[in-house]
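Just one chain is shown here, as structure tokens, and it is the form predicted alone.
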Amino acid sequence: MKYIILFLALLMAVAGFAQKVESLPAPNAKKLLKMSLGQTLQQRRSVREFSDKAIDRQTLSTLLWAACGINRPADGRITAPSAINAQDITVYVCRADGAWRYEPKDHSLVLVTAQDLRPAVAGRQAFAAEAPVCLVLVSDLGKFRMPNPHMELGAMDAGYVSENICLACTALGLATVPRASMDKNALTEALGLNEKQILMLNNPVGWPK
């Protein structure tokens, strides 16, 4: 009986952990419009040094919405182009308090693991682990609804989302750099990815020094 109680307690703990959700404030698209597209393109650059200042929830909310949030609620379409509208890209938000999965439909974060995965995102380039937030882009090839979807489809969609992140960071005054380097084995295991979920890119994000 003791073991049954312990087993049930463990199941409840796991279920509670899996359901931990952080609701995000509404994105502030007007903040993105304070800089014209021309200015944003002119000022966009890759930055590899970050302040240790935390990114506030409002700014993170706006950044994630710009990355691949829903901009047409009537049909659930998102800010980034997507091949056959598969919306295959999932953005994972890696912070000191764990790794969270961004859910565009609810505009929320779901806790995946309490591990700080930023060192795994950084891999051999330690500077990336210094960013307060690392956004990891994963393509789920299973969403393309075809027998053998080519990985190029996911790579293209990841590129669109990463570019949205780069431009939004510029408009919001944040610093970032798109990267393909990371410890894919460690991240695949920690995030619980299956064989069709492919790590594509990552964007360390922070305030500039």
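So that there is no doubt, residue numbering starts at 1 and follows the sequence shown. Since we're looking at a predicted model, the values are computed, not measured.
One more form of this protein, predicted in complex with a small molecule, exists but is not displayed; see below.
**Student:** Taking heavy atoms and a 4.5 Å cut-off, does N28 contact the small molecule in the model of the complex?
**Tutor:** No, N28 stays farther than 4.5 Å from the small molecule in the model of the complex.
**Student:** Whether V177 contacts the small molecule in the model of the complex should be assessed with a 4.5 Å heavy atom distance threshold; does it?
**Tutor:** V177: yes, in contact with the small molecule in the model of the complex.
**Student:** Would R44 count as a contact of the small molecule in the model of the complex, using a 4.5 angstroms cut-off between non-hydrogen atoms?
**Tutor:** Looking in the model of the complex, residue contacts with the small molecule include R44, since a heavy atom lies within 4.5 Å.
**Student:** Does the 4.5 Å heavy atom contact test between Q125 and the small molecule in the model of the complex come out positive?
**Tutor:** The answer is yes: Q125 has a heavy atom within 4.5 Å of the small molecule.
**Student:** Have a look at S51, Q58, S181, T40 for me and say which one sits with a heavy atom within 4.5 Å of the small molecule in the model of the complex.
**Tutor:** Selected option: S181.
**Student:** Of L201, L191, L24, I198, which residue is found within 4.5 angstroms of the small molecule in the model of the complex when only non-hydrogen atoms are counted?
**Tutor:** After the contact test, the surviving option is L201.
**Student:** Would you mind picking out the stretch of 87 to 95, 125 to 133, 106 to 114, 69 to 77 that comes within 4.5 angstroms of the small molecule in the model of the complex, counting non-hydrogen atoms?
**Tutor:** Careful reading of the contacts points to 125 to 133.
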